[in-house]
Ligand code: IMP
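Next comes just one chain, in structure tokens: the form predicted on its own.
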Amino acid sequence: MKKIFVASKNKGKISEIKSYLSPLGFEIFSLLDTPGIPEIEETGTTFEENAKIKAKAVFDIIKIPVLADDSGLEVDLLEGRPGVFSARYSGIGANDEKNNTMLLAELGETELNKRTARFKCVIVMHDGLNNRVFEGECEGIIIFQPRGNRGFGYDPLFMPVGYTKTFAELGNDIKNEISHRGKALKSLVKFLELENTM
């Protein structure tokens, strides 16, 4: 069985990746399975740079193909913030609740149609020689208070275009279909399927 290592400790993210790659015959490992790998500092200024840094650093240790992603929320009114700092937006001790609280405070009472934002995801697959890059975006708006409990991160505040529910209300099936990571993973799957036929 072919092996791919996911450079993440996020259970939701790992589960989502498994749902796409396991049917292709891949055995998936992650940082949850290998607690000895040190924390990798994300020093890039873009999602792609951070994903490449993580993928190479982990590959150098485990020597099997690595998937690393960097993703986050870009809010137009905040000139693209929190962006690459999405996970640590609220500073030391940042968590989902603190990040969401800070985002709502920054947007204040701005009317809904001006609270446009998008989730972006860049996945890098590194095999020691090549970096393959796969990207996805999902447009939406930031609502005024959290709704739903099925997601993580900014999901309770993000309502995708064309829907009246947040990512945290929609459930995994719909979210995986339309999300930034879902779109990037579909591109990855197409690449792997094509590679398997060559």
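This is a predicted model, so every value here is computed, not measured. In case it trips you up, residue 1 is the first one in the sequence shown, and so on.
From this point on, the text means the form predicted in complex with inosinic acid (IMP), which you will not see here.
- Partner contacts here mean any heavy atom within 4.5 Å of inosinic acid (IMP) in the model of the complex, and among 151 to 159, 59 to 67, 127 to 135, 32 to 40 they occur only in 151 to 159.
- Inosinic acid (IMP) in the model of the complex comes within 4.5 Å of a heavy atom belonging to Lys13.
- The closest heavy atom approach of Leu107 to inosinic acid (IMP) in the model of the complex falls outside 4.5 Å.
- Although the partner is absent here, Ala87 sits close enough that one of its heavy atoms falls within 4.5 Å of inosinic acid (IMP) in the model of the complex.
- Along 168 to 184, a non-hydrogen atom within 4.5 Å of inosinic acid (IMP) in the model of the complex is carried by Lys175, His180, Arg181, in order along the sequence.
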